[in-house]
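Given next, in structure tokens, is a single chain: the form predicted alone.
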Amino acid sequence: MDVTIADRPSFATIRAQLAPGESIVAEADAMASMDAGIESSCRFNGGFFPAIMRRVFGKESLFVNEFTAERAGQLVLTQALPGDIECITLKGNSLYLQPGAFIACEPTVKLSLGWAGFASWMGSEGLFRLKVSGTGRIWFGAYGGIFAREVTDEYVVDTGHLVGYEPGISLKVGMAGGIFSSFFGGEGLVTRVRGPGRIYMQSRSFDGLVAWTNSHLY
């Protein structure tokens, strides 16, 4: 299966060239277009009860679509927000993704829901996180550009910018500085991530977009 990421970084899309018999699993409503020789089947995201849990607590779709090529053809996948898409190859390891970041994966990748903790919830990231594990490629997206950083000690990320992180990363929410500078300086709460491990961040914040839009409407 030959997969490329096109139209990046602002409006990235996944373009998968599937040979007969090859499949790719994608988030519901991710398909933008496909050749007529590709068949789509819908199923619960990991089974009925895990799917319900991911929908209620992880803000993920209840269903996923599996696209299988009956004959060679191209499948184009996208995401709702404008931004970049990243591809990671798992080799028996795991990665945690924040709600809404997952787009697609190869059928050999396992999707499950994990407890993120109250620090993640206070940082506007939710109480639960999507865990992708096993072997194969995964594709995830973000609002804006995606950039990675290796964290060996402690690193500060503004809330709403963290997209994914490796299992060795722990999260703690705190103020950016003192009480006065944190709230009157506009930073408020930040997420302090501690390594070792790699984190993936997005260059834009959806909450920031909402706040900017609201300020011009009222």
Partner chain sequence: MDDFDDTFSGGVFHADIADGRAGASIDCGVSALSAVTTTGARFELRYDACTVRIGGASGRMVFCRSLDQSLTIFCEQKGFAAALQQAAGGLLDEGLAQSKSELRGANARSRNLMFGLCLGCVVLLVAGYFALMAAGRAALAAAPPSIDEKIGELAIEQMDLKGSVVEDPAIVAPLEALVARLAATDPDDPFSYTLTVVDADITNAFALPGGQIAIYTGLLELADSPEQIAGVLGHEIAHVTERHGMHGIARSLGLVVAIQFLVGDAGGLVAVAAEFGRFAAENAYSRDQEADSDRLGVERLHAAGIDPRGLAGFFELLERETASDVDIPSWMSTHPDHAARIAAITTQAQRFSNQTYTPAIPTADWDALKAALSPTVTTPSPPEETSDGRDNR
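Source: prediction; values computed, not measured. Residue numbers count along the first chain shown, from 1.
Although it is not shown, the form predicted in complex with the partner chain is what the next lines describe.
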### Heavy atom of each of K91, S170 and G195 within 4.5 Å of the partner chain in the model of the complex
yes
### Query
With a 4.5 Å heavy atom cut-off, would you call Y96 a contact of the partner chain in the model of the complex?
yes
### Task
Using the partner position in the model of the complex, report whether E166 sits within 4.5 Å of the partner chain, counting heavy atoms only.
yes
### Query
Closest heavy atom of S41 to the partner chain in the model of the complex, within 4.5 Å or not?
no
### Message
For a quick check, can you give me the residues of 12-41 that have a heavy atom within 4.5 Å of the partner chain in the model of the complex?
### Response
none
